[in-house]
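A lone chain, given as structure tokens: the form predicted on its own.
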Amino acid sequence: MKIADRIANLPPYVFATVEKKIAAQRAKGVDVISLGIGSPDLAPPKFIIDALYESAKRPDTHGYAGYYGTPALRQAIAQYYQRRFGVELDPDTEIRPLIGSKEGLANMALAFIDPGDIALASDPGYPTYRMGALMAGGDYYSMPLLEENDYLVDFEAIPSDVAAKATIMWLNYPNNPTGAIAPLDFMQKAVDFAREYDIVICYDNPYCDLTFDGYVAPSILQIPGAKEVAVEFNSLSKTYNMAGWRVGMAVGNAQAIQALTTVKTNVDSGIFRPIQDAAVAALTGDQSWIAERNLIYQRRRDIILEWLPKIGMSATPPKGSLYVWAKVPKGVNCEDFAIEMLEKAGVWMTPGTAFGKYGEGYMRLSLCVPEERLREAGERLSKV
């Protein structure tokens, strides 16, 4: 059989490959501590689970739930954006629920990229930003996120001929993998740049409610005129500990939302109704537990920061996201270092190059591991 070139030439998804490496060590009897993937290890609050259960018991919630998300879910998303960011959204034209935000990221590329078009993708960055462009038959241009620039994109460094071919630009703060945050004046520059070159900003904001040390993350839609050029992607995966439930949202520019919807209505049949009902409960219910949960992640962050110097690594304390972005010892290849630590210490840390070439010299360490296991990981690595 002939596999499509877009697939045959596509590199394997990095975290699928990582899982195989970890599984191979576990098959040897190694008790691997994985600091690799940002999959929350804490459960959602009981009231969210109860909403799922109550809805699933009903006989009328197991059929197709509709292509556009239930009116109740779209209204709940609108209420969340009003309460959290002061942003007004039309539930009918400016909000589209997603089967997890990842599918929205990939489908956005199908909606906006033709052969010859370019996606501007932050590097290091979430691999789907780049892979979506390739699957759509286009290409991507890496926008370096450099430590000396506080991991903010330098829009002036993007060649004008590249910008002229770009149709979408991916931005993500609090950032995965670096944990960097972006001020409002940076977002204003992004909006101005997108307007100049007729580019859709795709602002990936799943970590906006996972912040530390009193930091409050904004939405790009707070910037005046942002809805003219921007779509924001968000998710219940991280904020509400619902990663496996697969429910997210795209909000913002109505024309872009409609284009994304055209793709989705030809690809999927919507989200399971009980999950939508539970998402409504999550978005509209008690939010006080989130601050308490974030303190758990903050303590985990501090544990990692404590033992990093003992293994020749260093990191700036992140104010958001689920990760610590740490420098490897000087002169060490990050991929070699990751494999060595997996084999000798039974600890997996994701090499920075998994997120792009500008990730060389760094490792991403996930906070989704209990404190005692994080301490044990530090002890093992220190011995090696």
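Being a predicted model, the structure only gives us computed values, none of them experimental. We number the residues from 1 along the sequence you see.
The form predicted in complex with a small molecule is left out here; the points below concern that form.
A.B. asks: Look at the stretches 234-242, 285-293, 184-192, 89-97 and give the one with heavy atoms within 4.5 Å of the small molecule in the predicted bound form.
C.D. replies: Single hit among the candidates: 234-242.
A.B. asks: Which pick from N253, S101, Q276, T211 sits with a heavy atom within 4.5 Å of the small molecule in the predicted bound form?
C.D. replies: Partner contact (heavy atom, 4.5 Å) among the options: S101.
A.B. asks: Out of N176, N107, S219, T167, which one falls within 4.5 Å of the small molecule in the predicted bound form, going by heavy atoms?
C.D. replies: None of the other options qualify; the answer is N176.
A.B. asks: Just to confirm, P206 within 4.5 Å of the small molecule in the predicted bound form by heavy atoms?
C.D. replies: Taking the distances in the predicted bound form, the answer for P206 is yes, it comes within 4.5 Å of the small molecule.
A.B. asks: Using 4.5 Å between non-hydrogen atoms, is Y126 touching the small molecule in the predicted bound form?
C.D. replies: Although the small molecule is absent here, Y126 would touch it in the predicted bound form, with heavy atoms inside 4.5 Å.
A.B. asks: Answer for R84 alone: is it within 4.5 Å of the small molecule in the predicted bound form, judged on heavy atom distances?
C.D. replies: Contact with the small molecule, no.
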